[in-house]
Structure formats: structure tokens, C-alpha cells
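Next comes just one chain, in C-alpha cells: the form predicted on its own.
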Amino acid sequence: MASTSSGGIPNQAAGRKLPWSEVIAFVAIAVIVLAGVLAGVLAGASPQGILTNVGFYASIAIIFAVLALGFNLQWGYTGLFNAGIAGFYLIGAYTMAIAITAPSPPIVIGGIPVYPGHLGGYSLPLAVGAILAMLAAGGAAVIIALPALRLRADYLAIATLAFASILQILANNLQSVTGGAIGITGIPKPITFVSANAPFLNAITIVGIGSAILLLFLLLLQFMAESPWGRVLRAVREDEEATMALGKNTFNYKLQAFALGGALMGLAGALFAVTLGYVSPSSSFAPAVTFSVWVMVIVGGSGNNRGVIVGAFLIYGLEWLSVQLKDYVPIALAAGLPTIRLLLIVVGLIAVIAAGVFVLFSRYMPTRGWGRVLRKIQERGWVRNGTIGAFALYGLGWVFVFLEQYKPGAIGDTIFYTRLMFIGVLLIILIIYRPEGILREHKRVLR
């Protein structure tokens, strides 16, 4: 509903404001893609190869977006903290792989087992495999939720985390079912291409299918969130006892939300299996997957389906970009080392001088025009925050300068971990200045 001003006239101006948070988010994603394309051009890749690489980024980001939608339904709307996202993701991926692959008997050479084989050989259609993956993951979510949802939120997190860890151990040891540590390979693509352009065509096909699925579930979840069912979920999140007092069976609503979220995570696992063509327990379903999805939802905006999709594309984009730029950042640093040194010195001096000027002017010129302006800026914390940011950039830059000067080979190896540091800084900034995320949840108020 539109908010109203004090005179009772609907305030439509807010609806016409430019959504700067959305603009910034989409510009950031565009910059990530552009940098990846530039890295491909510098590497001498063909236009088709560059598009294939960007398509791979989009397909994996879509998978994480589906995972984030599932977690957002559980936590963002209902307040159920799931620490076992990787477990439901694993169930969906292995169910899909077992359902659609051809028979894979054990391989024994010279009496030594080379490959243990895996359960499967059903060669079912991809759509059937995806449905089975959703049912399996959703069913597992119900089994976990029946006892765990009666506990407090922290116990639910512990139970789901233990569930995910147990599943990873089982997948690693049930060799005749999952292929063990080797995993399941030879998972078929949606369409089999045999031409020289097969990688490009496969990437475009998977992006198209994933985009359609993502759009479908985004619309469906938006409809569900605005329905009476979705309003009850938000009421449970805000005050479960008050919701129970209104006659709602909150346990049933929480169970439904947890099961649907788990089913979406299973669908993401099914998409992952088809996209990569193989699944293995150690590399693909580690606890880091759960933590990544948490970050995506927090950064994008919990309780906002569009926001968590933006968060998925942004956070995974940083990982993808770190891989693309790993070979070029050391070269660029080496070429521009004198300029970077000068720039860092200038940034540090400006930060110190600006802080001193603002403090002196705001303290000794409180009644004059510029003094009042500077005092307001200081009261709002802009000087302090800008100074801290400048010094952080100054220190980080010198770290890279020293690494490049004394250990050039270390720069490329640190790019991937610098991404983690950057994400951590981004999280801190968001928690301080915008805890609702980039695209905050739409607050619903009565007239």
C-alpha cells in the first residue's frame, strides 16, 4: 500500500525516486562481467570462448541464486536459520546424477578396483531427475524439521549443520552408491551437441534453462510471499507467540517453509550436476557452500527475493573475477609500481590533511557558514569514515607493493584470498550502514 503524508494525501514521490541501491548493484555486476571479458581479450580468447566463459559464470550464479532463494524462504521470510544448505544441495545433485546417468558398473584392472561404480543406470529424462531431486531434498528437509523445529533457533542450526556433515561423510564412503571420493561423472547435458561449437552451445543452453527456472521460481515465490500464507510466515518471523495467539498453527507453516526451501536447494543441486557434468563430495559440497549462500542473502537483502539474486551474482562474481584476473594483476602491479607508490603516498597525505582541516575548522569556526557545514559533516561521521577508508586503502596498497617488490610470485596466489577479505570488508560496511542489505525488504504498513 502507498504510504500517506500527514495531510492524508498518498505520497507517490517515494515510488518515483531512482533506486540507487539497485543501480549500484547492477553496475557492480556489469563491471565484474566487463573485467572478465577484458581478461579474456588480453588472454587472446576468441569471442565465442569469451561468451562461453561468461555463460559459465551466469550458469553457476543462477545455481547460487536458486540456493539463495531457498534459504531466503527459510530464514528471510520465516526466521529459520538453516546451517545445512550444503546437505540439501548434495542430495539434489546426487539424486539428479543417479537418475539420469547411464549404467556405470565397477571398473577393475588387474584385480585392482579403479572405479567403484555408482547407483544408477536409469537414464531418466532431465525433467524427471529434477523433480526427483526436489522431492528427495524436500523430504529430507521434512525429516530433519520434524524434531528440530520444536527446538530453539540455535539448536536448529546445529542439527542442520550436523546433517550436512554426515551426508558429506556418507557420500564419501558409500562407494557403491555415490562413487566414493571420485564421485559420479558422465552426467548428460540437456542437449547433446557434437560440433566444434559444443562448449559454447552447451553453455548457452544451460544458461537459458537456468534463467527460465530462476524466473519461474522468482515469480512463484513473489506471489507466495504476498499471499496470506506469506504474511503468516513473516508474522512467525517477527513474533511467533503472537501469531499462535491469533490461532495459526505456526509449526505447520514453519515445516512447509523449511520443506519448500530444501526442495529449492535440491533443484539447485540438480542444476549443478547438469552444468558441471560431474559431482564429488569433497570439492562441491563443503561447508563453505553454506557460508557463501549466507553471505549472498545478507549482502543482497534477506526477505527480498530480487535482492538475494543480486547478492548471488555479485558474490559469486567476485570469485569468478578473482580467477580471471589472477594472471594479470601481478603484471599490472609490476608495470605501474612507481605510479602506485606515488598514488598511495598522495592518498595517505590527503587523508591526514583532510582530517586535520575538518577538525580545526569545525572546532574554531563554529559560527561561520563553512564552519557549520564542516561541523555537520563531522557530526555525521563522514570525516571519520572517510579517513578510516583512506587509511585502509593506503595500508592495503602498500601490502601489495611490498609483495610485488620482494615476492612477485605471491601476488597471483593472494588474489583469491583477497576476494575473501574484500567480501569480509563489504559485510562489515553493510552491517554498519545498511544491515537490511543492498535491496532491503519492502516494509508493509497499514493505512
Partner chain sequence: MASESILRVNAVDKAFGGIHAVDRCSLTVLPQSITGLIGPNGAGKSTLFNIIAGLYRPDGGEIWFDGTRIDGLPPYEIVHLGLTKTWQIPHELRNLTVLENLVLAAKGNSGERLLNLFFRPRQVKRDEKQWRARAREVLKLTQLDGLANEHARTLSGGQKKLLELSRALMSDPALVLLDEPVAGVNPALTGSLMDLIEKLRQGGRTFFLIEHDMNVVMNRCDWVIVMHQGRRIAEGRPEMVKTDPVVIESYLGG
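Please read all numbers here as calculations on a predicted model, not as lab measurements. Numbering follows the first chain given and starts at 1.
Same protein, other form: the form predicted in complex with the partner chain, not shown, and the subject of what follows.
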Review point. Quick one: which of 119-127, 238-246, 267-275, 206-214 gets within 4.5 Å of the partner chain in the model of the complex, going by heavy atoms?
Key: 238-246
Point to revise | The unique member of M224, L201, I182, L325 whose heavy atoms fall within 4.5 Å of the partner chain in the model of the complex | key: M224
Practice item. Scan I131, L318, V347, L260 and let me know which has any heavy atom within 4.5 Å of the partner chain in the model of the complex. Key: L260
**Study point:** Contact test in the model of the complex: R306 vs the partner chain, heavy atoms, 4.5 Å
**Key:** no
Check your understanding: Is R234 close enough to the partner chain in the model of the complex to count, meaning some heavy atom within 4.5 Å?
Key -> yes
Review point. Is Y115 a contact residue for the partner chain in the model of the complex, using a 4.5 Å heavy atom cut-off?
Key: no
Check your understanding: Any of the heavy atoms of W229 lying within 4.5 Å of the partner chain in the model of the complex?
Key -> yes
